[in-house]
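We begin with a single chain expressed as structure tokens, specifically the form predicted alone.
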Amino acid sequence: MNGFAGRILKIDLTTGAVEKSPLPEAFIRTYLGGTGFAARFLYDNVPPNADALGPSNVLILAPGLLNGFPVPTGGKVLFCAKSPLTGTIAESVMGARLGSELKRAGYDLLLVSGVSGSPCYIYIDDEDVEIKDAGGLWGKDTRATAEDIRRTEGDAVVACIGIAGENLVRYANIDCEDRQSGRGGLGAVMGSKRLKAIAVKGTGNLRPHDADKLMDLCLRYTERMIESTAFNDDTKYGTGEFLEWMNSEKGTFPTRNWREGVFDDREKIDPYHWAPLYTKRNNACLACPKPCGRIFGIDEGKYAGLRIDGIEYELLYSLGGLCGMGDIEELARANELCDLHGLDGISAGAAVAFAMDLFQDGILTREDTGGLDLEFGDPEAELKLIEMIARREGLGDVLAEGVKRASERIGKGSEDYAVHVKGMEPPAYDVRGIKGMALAFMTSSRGACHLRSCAYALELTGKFWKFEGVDRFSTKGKGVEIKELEDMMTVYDVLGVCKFSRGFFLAEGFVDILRTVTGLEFSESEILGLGERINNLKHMFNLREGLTRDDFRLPKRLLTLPIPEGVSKGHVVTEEEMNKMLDDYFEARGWSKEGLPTEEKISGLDLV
């Protein structure tokens, strides 16, 4: 079929078996690509209650359907497995060339199972697939690993883990070309398989259904993006360009482990302050004409020579405001450590902030911290803890489990300080002042997440897509709102399109693009129905792994501690509001009060 390579590649690291099989056309029509393919294969190939860090878990690499074609921002590829952090489905998207390269090598999907007897890496060069020794790479950081493999394999695209993945830190990530599949501990899944890296070279061509029309559409959307009002701010200041707005106009920037919703040192970490001083150049994801990525560089002083891709909004929050850190160079170093060691910067920052909070209230003492004074805003404490987490040393070994498990080990009331949903540390939206996002944190299949729904875009502005007049402080209508947004954003992850292009691509635009690439005819309602099917499938996987209604709860701090200052002062999500929104969401999904899909729902979505 046009638009696809047409094959699945399966590798068993225990036996060394390599299997190539055709991708059935009926399966393509039902799931299309990206997160659709990944969710189906995860459900079918990982046995119930499998150990996420055991041989039965399956690591899945799933390119978006549009990978390999010049659709603007259509270069997103997805890793997926059962999460060692949450026990639910874990999926995380990155903007590297990996997906395009895998499709050009001849595969729409890579499944890795088993455990290697020794450190290894997978090398794919079109038809040649090998499992190679990585003994000399074990212990190296992500940059050194990728450079070493490229010296051996030429211009292969390399995805790899750092020492955090090797040490099974439950929120270790996967790095590729300065982009990360960050959330849910997918790097730890690779580490558990002793899989240091996946290197891919592809030389084949992908054929679209209608090349001329596809080029017309690509040029039209590219022009729209370049001429948009957002182009200037996005390319100059990146994803952090609205940091000041989130503080001063919305009062929803989580600060000092969610004690506050406004960071008083925000000017020092605002891109409008530091971007002109430290940005060396833009650094676009594959196929993106509107690059928000940038190379941040320090030329002199303590960190002279530092170069990172960033600093993204989420890490300005987690490594910045959440830890009370107002020094941009120290924050950049913390970002660099997370990248080199292969740590999810959101969860790592949240774990550090959690420990600082406990130290401030005397629950942790210097005896617990190995002599460290864990004060909010202390850069030495933050950098040292990140190192300890990656190496699982001392208190770092406890924090490497994530704040949920760490609080269970520490005890002494520390559970009240652990901010998470389903075990996942949240991103940079203080949902006490954004009620729809509070529900989105609860319902996301991978734990607290802003990207499964992108509801912040609607909640904070009051209108997006087919919604208008939305009140962020109200709980009214949130069930339908989040359900519809989740289904829409799932289509983005099927196609491999960046969600920062959500102002340009909506369902009707995807219908045109899908037709020109594949020849498949989908109506707008059918493509949104595809999103609904996939979200139900992910939910069924989570239910099979033991998820119950109690796992959807918000953490105690967000239910009992109102935002103390700023525009959202006094706001909190009450227990009653939480339960009402969740009831509304389950009803919108057609699920029972306990969140169970009916037989009719499952059958109607062709999920039997």
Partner chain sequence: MRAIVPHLELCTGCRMCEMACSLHHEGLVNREWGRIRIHRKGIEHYVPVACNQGASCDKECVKVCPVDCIRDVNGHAIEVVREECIGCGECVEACPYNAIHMRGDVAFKCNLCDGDPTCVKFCSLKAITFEEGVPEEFDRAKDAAEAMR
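Numbering follows the first chain given and starts at 1. If you're wondering where the values come from, they're calculated on a predicted model, not measured in any experiment.
What comes next is about the form predicted together with the partner chain, which does not appear here.
Remark: of stretches 446-454, 380-388, 305-313, 403-411, the one touching the partner chain in the predicted complex is 305-313 (heavy atom within 4.5 Å). Heavy atoms of K280 reach within 4.5 Å of the partner chain in the predicted complex, making it an interface residue.
The partner chain in the predicted complex comes within 4.5 Å of no heavy atom belonging to S116.
Looking at F231, you'd find a heavy atom of it within 4.5 angstroms of the partner chain in the predicted complex. Although the partner is absent from this view, K476 stays clear of the partner chain in the predicted complex, with no non-hydrogen atom inside 4.5 angstroms. Interface residue among A105, L286, L514, L358 relative to the partner chain in the predicted complex, by the heavy atom within 4.5 Å criterion: L286. Scanning L214, A275, L168, L528 against the partner chain in the predicted complex with a 4.5 Å heavy atom cut-off leaves one residue, L214. Annotation for 188-218: interface residues with the partner chain in the predicted complex are G202, T203, G204, N205, L206, R207, P208, A211, L214, M215, C218 [heavy atom within 4.5 Å].
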